[in-house]
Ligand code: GMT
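The data below hold one chain only, encoded as C-alpha cells and taken in the form predicted on its own.
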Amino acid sequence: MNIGIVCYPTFGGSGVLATELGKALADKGHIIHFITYQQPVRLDAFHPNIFYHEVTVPTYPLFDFPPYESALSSTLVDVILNQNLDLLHVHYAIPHASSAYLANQILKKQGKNIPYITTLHGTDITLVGKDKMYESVVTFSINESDAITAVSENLRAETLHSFKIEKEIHVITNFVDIKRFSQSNKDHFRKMLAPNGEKILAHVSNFRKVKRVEDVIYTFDKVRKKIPCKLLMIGDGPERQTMEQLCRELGTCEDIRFLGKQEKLEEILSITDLFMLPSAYESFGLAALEAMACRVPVISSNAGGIPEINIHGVTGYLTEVGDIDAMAAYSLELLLDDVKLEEFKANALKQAEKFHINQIIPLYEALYEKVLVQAEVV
C-alpha cells in the first residue's frame, strides 16, 4: 500500500506512535509518506520506502496567524495526486482530521476518492477537542473519517462520552518496539550518573501541567531522605524552568539531572530502576510502556488508560492523582527490596511484550485493507 501519514513531528506520544508505525509498515514493504511541518524526531535514519513531505505555510501581512490547516490540506492534495497515495492515516484529530476531510472533498471533485483514518491519541479529545471553539469541527471531521481508532479502551470511552460519534471506534493500542527498547549493558553510563551505587529514578514527558512533573520532584525528595538515589528528568516543555526552581528550593539539585530531549531514550532507561508517571491524565502512557520494555517498574497515577498497562502490585504501583506520600512509599518498598525489585522488573518486561509492535501492526494493516475495499464500493 501507498500510505500518507499526517502527524505532529514532536516527542509527544502521537508523533512517536505515528513515526514508529510508519517505519514498521515500511519494513513490511509498504510505501510511507510522512506529511507534516518538519521531519519527525523519530525519523532518524534513511529507508528506501519512506518519504517526507514538508508543509510550508506562507506568511502574509494580512494573517496574524498563518493558516496551517489550509496549507496542510493543499499539501495533502498535491502529495496524493503526485505520489498516487491509496489512503491517509491522520494522527491527533486537530487539525489533521479536518484537513484530511477538506483534501478528500477537493479530490472528489477531480474524480478521486481517498479514504482517511483518524487515530485519537488523548488531549485532542480530552482537552483541546472539548473546547467549544473546536468541538463542532472535531466532531464533524471525526465522523467523516472512513475509520476511527483510539489508543486505549479508556480513550474510546472518553470519546463516546464527550462527543456524538456516529461510527465504531476501533481500539488499537499503542505499541513498543521490543527490539529497540530493551535493557542493554550501560554500566559505564550508570557509574557516571550514580558513582556510589545509588538507585536511579526517571521521568519522561513534555513537561506540561497535565504531567504533574512537580509530583515527581516532591516524591523524589521524600525518597532520597531514606535511600541514596538520583533522578533523571528527560524531556522539555513549559514547566521545566519552574521545576528547576523547585529543585533549588528543596535543595535537591545535586541529585537531579535535567537531560532535555533524548533520542536514545532506551540507553537511559537501561540504567533506570524506577519510572515515575504521576500524570493527571494519560490516554495510554507510552513513555511508561517503553520503560517497562527496558525492565523498569512504573510508579504512576491511576488516571486514564494507565491501568491498562501498569498492573498494580505486579509491574509497579498505581496511586490516586497527587498522592505523593503513596508514590514515595511504593517507591521505597521496591528500592529497599532488591529481590522484589527484580521480580517487578521481570514482570514489567513480560507485560510490555503484550504490546509488541509485531502484534499491533497487522491490526492496522487489516483496517487499511477494509477501508480500501469500502472505498472501492463507494
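Remember, it's a predicted structure, so these values are computed and weren't measured experimentally. So that there is no doubt, residue numbering starts at 1 and follows the sequence shown.
Here the subject shifts to the form predicted in complex with the named molecule, a form of this protein not shown in this document.
For the options 181, 284, 275, 220, the residue carrying a heavy atom within 4.5 angstroms of the named molecule in the predicted bound form is 284.
Under a 4.5 angstroms non-hydrogen atom cutoff, the named molecule in the predicted bound form has residue 151 among its neighbouring residues. Mapping the unseen interface onto this chain, residue 206 counts among the residues with a heavy atom inside 4.5 Å of the named molecule in the predicted bound form.
In the predicted bound form, at least one heavy atom of residue 211 sits within 4.5 Å of the named molecule. A residue is said to contact a partner when one of its heavy atoms sits within 4.5 Å of a partner heavy atom; residue 96 fails this definition for the named molecule in the predicted bound form, lying far away. Looking at 240-248, 276-284, 141-149, 80-88, the stretch with residues near the named molecule in the predicted bound form, meaning non-hydrogen atoms within 4.5 angstroms, turns out to be 276-284. Residues of 164-183 placing a heavy atom within 4.5 Å of the named molecule in the predicted bound form: 174 alone.
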